[in-house]
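Single chain ahead, written as C-alpha cells, the form predicted alone.
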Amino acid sequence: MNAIPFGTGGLVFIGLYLLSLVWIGWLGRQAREENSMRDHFLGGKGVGFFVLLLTLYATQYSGNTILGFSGKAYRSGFSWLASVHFMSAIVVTYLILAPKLFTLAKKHIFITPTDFLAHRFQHRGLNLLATLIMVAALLNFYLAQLTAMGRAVEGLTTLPPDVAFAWGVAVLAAIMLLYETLGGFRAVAWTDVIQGGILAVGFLVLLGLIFAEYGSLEVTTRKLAEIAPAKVLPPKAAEARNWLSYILLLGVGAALYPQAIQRIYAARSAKALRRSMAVMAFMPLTTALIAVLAGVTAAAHLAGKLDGVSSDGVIGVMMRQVQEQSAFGHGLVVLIFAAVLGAIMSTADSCLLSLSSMVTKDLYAGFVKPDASQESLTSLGKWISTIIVILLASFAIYMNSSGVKFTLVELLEMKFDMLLQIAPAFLIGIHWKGMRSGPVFAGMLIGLLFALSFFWVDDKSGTFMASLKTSGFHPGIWALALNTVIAVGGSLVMKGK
C-alpha cells in the first residue's frame, strides 16, 4: 500500500479515516445494552432520521455505483443513464413495502427478513428456500464489494494491478471485519454516517474535477460522437427493452436486499422512516448520475489508455491524471478516494452483518439448534462473519489473479436474477391476506430454477429459451413473471375450494 501515490499527507488522511472506523466500532461495543442478537444485528431500540438516512444512503450506493456504474458507462455510453431510473425505482418499491413491514417488525420483534416470512406464511420449506436465496445473493454481493475494493486501489497505485488488488482486498476487508465484530449494527450505522457524508461530498467534488480536467459535457459528447458514435445514439428497441428490464430488476430487487429490509426494522419510528424515504428519492441525481457522467467522460478521453486496468477501475485512472496536475487536485483526489472506500465498505459491512444474522438465526437456530442461547448465537454470528470474510476475500483474489474476471455489473445481474424470486412473498404477501404459503413456495422454487437455467442456454441455439434470453429482458424478469403467476394463480385456486 506504500506505493499509492498520495504522499505522506494523503496516506495519513486515509490511515486516520480507516482508524476512525475501528474507533467507532469500539464505541459501538461500549454502547451495547445487552449481548443479544437484536442488539448486535439491529442496534437495540433502533436509529433516528439522520442516522437512518445516511445508513440507507451509504448502504444503497456501493462499489457498484461508483466503480461498476462508471465502468458500465465507459463500455456502453449514455444508454447507462438507465441506472438513474432504476435507483429511483428502488424508493418506489420501498414505499410499497416499508410502512406495513415496519409496523409488523416492531410488533413481532423481527430481526431477519425471514422472520416476516415465518410470521406471514408459517412454512418451513419457504423459510429455508427464501433464506438460501438471500444468502446466495448476499454472498455474490459481498464478493462484488470485495472486488470493488481491489479495483479501487488498482488505478491509484504503481504496483502491478494484481498485487494492488490483493492488498486492497486484504487490508480493507480486515478493517471492516474488525469494527463490525466490535460494534455490530451500531458500528455499521455510525460508520455509515461518516461514510455517507464523505460519499455525498466526494461525488460533488468528483463532478467538479471531471469538468475541470476534461471539459464540459458538450465537449465530451462531441468527442465521444467522433470516436464511438454508438455510445451517444438513442437506444434501439432491444436496448430500450433492456433499459426497462434493468428498472424492474433493480427497482424491485435492490429494495429486497436483506440489509435494506433490516434497516426498515431498525428505524426508531415511522416518522423517521418516512422522512428518510422522502430524501432518498433524490439521491440518484447526486450519485448514479455523476457515476455515469464519469464513465462517458472516460470513454471519450481515455479510450485505449487504461494500461491493463479493467474498465471498472476507470475512476482510479481518471483521478490519477487529475492528481498529477496540482497540489490542490492531489488533495481532492485523496478525498474522492476516501469517498470510494466509504461507498464500498459501508455496503460491504451491511451485507456481511445481514449474512451472519441469517446464517446464525435462520439456518443454525432455525434448523440445527433451536434452543441455543442469545449469547451463543451472537458469538457464533461474529465467527461466521470472520469465516465469510476469509473465504470470499481469498476467492476474490484468486479469481482476479487467475484471469476469471467478472465485471461488477455482471455480478450485480447474477444476484438480482435470484433475489427477484422472493418479491411476490414480500410485496404481494404483505398486502393480500389471501396469498397461500404452498403456491408461494412453488412459485419461488420454480422461478429460481427457471432463472438459473438460463446460464446454460446458448444465445444462438434458436430455442425458445434463447429467444427469451436475447429479448432484452433479464432472465430474472421472465422467472419472476412465471413465479407470480404460480403464486397468485395457485392462491386464487385454493381460495375457491
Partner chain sequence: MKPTRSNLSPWIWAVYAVLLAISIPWYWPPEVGTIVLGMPLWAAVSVLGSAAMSLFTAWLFVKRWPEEDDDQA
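Residue numbers count along the first chain shown, from 1. Note that this is a predicted model, so its numbers are computed, not measured.
Keep in mind that the form predicted together with the partner chain is missing from the display, and what follows is about it.
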{"query": "Complete contact of Leu81, His85 and Met277 with the partner chain in the predicted bound form (any heavy atom, 4.5 Å)", "finding": "yes"}
{"query": "Residue contact check: Ala98 to the partner chain in the predicted bound form, 4.5 Å heavy atom", "finding": "yes"}
{"query": "Residue contact check: Tyr94 to the partner chain in the predicted bound form, 4.5 Å heavy atom", "finding": "yes"}
{"query": "Contact of Gly46 with the partner chain in the predicted bound form (heavy atom, 4.5 Å)", "finding": "no"}
{"query": "Close approach of Phe367 to the partner chain in the predicted bound form, 4.5 Å, heavy atom", "finding": "no"}
{"query": "The partner chain: the contacting residue among Ala212, Ala136, Ala174, Leu104 in the predicted bound form [heavy atom, 4.5 Å]", "finding": "Leu104"}
{"query": "Contacting member of Gly251, Pro161, Pro235, Gly331, with respect to the partner chain in the predicted bound form [4.5 Å, heavy atom]", "finding": "Pro235"}
{"query": "Interface segment, criterion being heavy atoms within 4.5 Å of the partner chain in the predicted bound form, picked from 187-195, 351-359, 239-247, 164-172", "finding": "239-247"}
{"query": "Interface residues of 277-297 toward the partner chain, as seen in the predicted bound form [heavy atoms, 4.5 Å]", "finding": "Met277, Ala278, Ala281, Phe282, Leu285, Leu289"}
